[in-house]
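In the block that follows, a single chain appears as structure tokens, in the form predicted alone.
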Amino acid sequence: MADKNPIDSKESYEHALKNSQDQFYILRLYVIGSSPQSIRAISNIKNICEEHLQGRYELNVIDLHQQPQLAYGEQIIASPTLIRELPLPLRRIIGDMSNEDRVLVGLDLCPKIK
């Protein structure tokens, strides 16, 4: 009798899915001041997090106008920039987070089937 391939087993798939739903996300959103694009990005990412990561995320908003030294240290070349610190690997998403599908792909989350 051949061994079952763990990737093909229903149990392995369900275990992987459950683990991804239990992961805690640490996100940092870098913005510059209170520009319309910054305000949109903050609102959009908060809505996405509440819908898809409720209770499983920490979002820190960093204003590069107040802390410009962080732009160099984090290699921020555009604003707004969202960095997913955890879970690894680190991911960056640039823009106002208005394209929810793009943000979900960038965060390795599956959009809800509507």
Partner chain sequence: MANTALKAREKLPKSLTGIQGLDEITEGGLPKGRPTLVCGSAGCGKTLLAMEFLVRGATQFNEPGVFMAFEETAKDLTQNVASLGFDLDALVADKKIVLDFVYIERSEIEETGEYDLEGLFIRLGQSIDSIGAKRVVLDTIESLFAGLPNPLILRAELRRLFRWLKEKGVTAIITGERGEETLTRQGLEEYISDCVIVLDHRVKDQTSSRRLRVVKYRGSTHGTNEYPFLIDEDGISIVPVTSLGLGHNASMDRIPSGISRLDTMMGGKGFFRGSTVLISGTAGTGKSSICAHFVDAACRRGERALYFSFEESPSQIIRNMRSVGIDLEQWVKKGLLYFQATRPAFAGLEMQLTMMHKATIKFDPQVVIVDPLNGFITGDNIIDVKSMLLRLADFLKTKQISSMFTQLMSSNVAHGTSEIAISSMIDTWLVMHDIEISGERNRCLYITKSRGMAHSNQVRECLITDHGVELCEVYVGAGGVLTGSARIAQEAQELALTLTRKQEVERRQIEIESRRKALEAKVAALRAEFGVQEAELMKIITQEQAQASQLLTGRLEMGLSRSAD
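Numbering follows the first chain given and starts at 1. Because the structure is predicted, anything quoted here is derived from the model rather than measured.
The same protein also exists as the form predicted in complex with its partner chain; that form is not shown, yet it is the one meant from here on.
Residue contact with its partner chain in the predicted bound form: Pro68 places a heavy atom within 4.5 Å of it.
Though the partner is left out of this view, Gln75 does reach within 4.5 Å of its partner chain in the predicted bound form, counting heavy atoms only.
Heavy atoms of Arg28 never reach within 4.5 Å of its partner chain in the predicted bound form, leaving it off the interface. Taking the partner from the other structure, its partner chain in the predicted bound form has a heavy atom within 4.5 Å of a heavy atom of Leu64. Site residues Ile32, Gln37 and Asn99 are all in contact with its partner chain in the predicted bound form, judged by any heavy atom within 4.5 Å. Annotation for 78-93: interface residues with its partner chain in the predicted bound form are Ala78, Ser79, Pro80, Leu90, Arg91, Arg92, Ile93 [heavy atom within 4.5 Å].
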